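To begin, one chain is listed below as structure tokens, in the form predicted on its own.
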């Protein structure tokens, strides 16, 4: 979190902080590169960067394109590679399709024959017996192994289509790992301790694993953080991710503006985007909603349901040419009757 002094957060009463924040974030956003960045090399995970990531955060999209986690360990484990590797084996979701060289489908006998890849089995420290045991847990399926060949047979074949569907599900079935984590990479920090970076996120299941430090483990998916830790934690994730995305593009924006945006997005007790499906679309004022997007729809709905606009906000007063309650528009002068009487006598 950015370190801000008290005097740096002060504003003049009546200042249009929302407009200034929107300007401060929106204008630099037009300079950001339209690309999805990923680190070079084989030992990397793909992550969203730049403008696509900024849009993803501000629109509060429930399914980020490339969610990621940074997993940290307890002090007794973080410096021991072998123990970290043991946990790594529990994280990465390994599907059966990634452990085979090829397969053969016999639709008549409803039998799927798999040719296992020994190198892949050795990498994840798996055996053909473990795979057979996993497949045998599926209802209506028998599995057996001979060397590197595994056969899965459906007990009751109903149709060619249903048989083919079962085969597809078998190939996609997870053998080990946590659902949602497609890749996990062990990395070493400057102080010699190890941590894991993942492609995909499942914070709820990861923090259940013994040895993982739940207080430092980080997911960049705000909705997942909200589910596990609550709305305040999700607010921090949104603010930090927006700041990090902007900073990586070489752009400087004060945290005050980003913090205000994150506060507004989470002020309802749930995460809402800044667009027409979130904050802008839920405004009380009909004119304010119509000024943002889908003008005709909002006017038609307002007329059908007999809505009234009390003109309490900024956008709707600008539309009708009325003075807004910001800046000098917030000032109201009053004169005492006794003073008026004195002036009239003069």
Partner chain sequence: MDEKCIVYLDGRQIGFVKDGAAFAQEIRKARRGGVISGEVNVAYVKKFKEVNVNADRGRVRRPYIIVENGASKLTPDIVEKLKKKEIDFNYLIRRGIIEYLDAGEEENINAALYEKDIGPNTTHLDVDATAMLGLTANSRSFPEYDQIGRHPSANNFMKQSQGLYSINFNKRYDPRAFVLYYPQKPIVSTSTYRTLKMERHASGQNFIVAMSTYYGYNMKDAVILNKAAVDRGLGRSVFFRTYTDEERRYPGTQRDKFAVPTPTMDGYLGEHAYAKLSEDGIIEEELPIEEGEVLIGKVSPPRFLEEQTSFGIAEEKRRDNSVTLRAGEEGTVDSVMISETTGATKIAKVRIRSIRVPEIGDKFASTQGQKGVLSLIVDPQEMPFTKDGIVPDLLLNPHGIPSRMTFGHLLEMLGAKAGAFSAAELDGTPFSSKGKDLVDQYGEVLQKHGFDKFGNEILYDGRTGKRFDANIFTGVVYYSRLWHMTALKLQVRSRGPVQILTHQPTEGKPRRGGLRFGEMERDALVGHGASLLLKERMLDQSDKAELWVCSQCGDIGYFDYIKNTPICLTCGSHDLMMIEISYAFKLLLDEIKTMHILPRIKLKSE
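If you're wondering where the values come from, they're calculated on a predicted model, not measured in any experiment. Residue numbers count along the first chain shown, from 1.
Below, we turn to the form predicted in complex with the partner chain, even though it does not appear here.
Participant: Taking 296, 303 and 324 together, does each of them reach the partner chain in the predicted complex with some heavy atom inside 4.5 Å?
Facilitator: So, yes: the whole triplet contacts the partner chain.
Participant: Using a 4.5 angstroms cut-off on non-hydrogen atoms, would residue 334 count as touching the partner chain in the predicted complex?
Facilitator: Residue-level check for residue 334: no, no contact with the partner chain.
Participant: Is the gap between residue 16 and the partner chain in the predicted complex 4.5 Å or less for some heavy atom pair?
Facilitator: Contact with the partner chain, yes.
Participant: So in the predicted complex, does any heavy atom of residue 10 sit within 4.5 Å of the partner chain?
Facilitator: No.
Participant: Please check if residue 338 has a heavy atom lying within 4.5 Å of any heavy atom of the partner chain in the predicted complex.
Facilitator: Because no heavy atom of residue 338 falls inside 4.5 Å of the partner chain in the predicted complex, the answer is no.
Participant: Under a 4.5 angstroms heavy atom criterion, identify the one residue in 51, 319, 279, 58 near the partner chain in the predicted complex.
Facilitator: Comparing distances to the partner chain in the predicted complex, the residue within 4.5 Å is 319.
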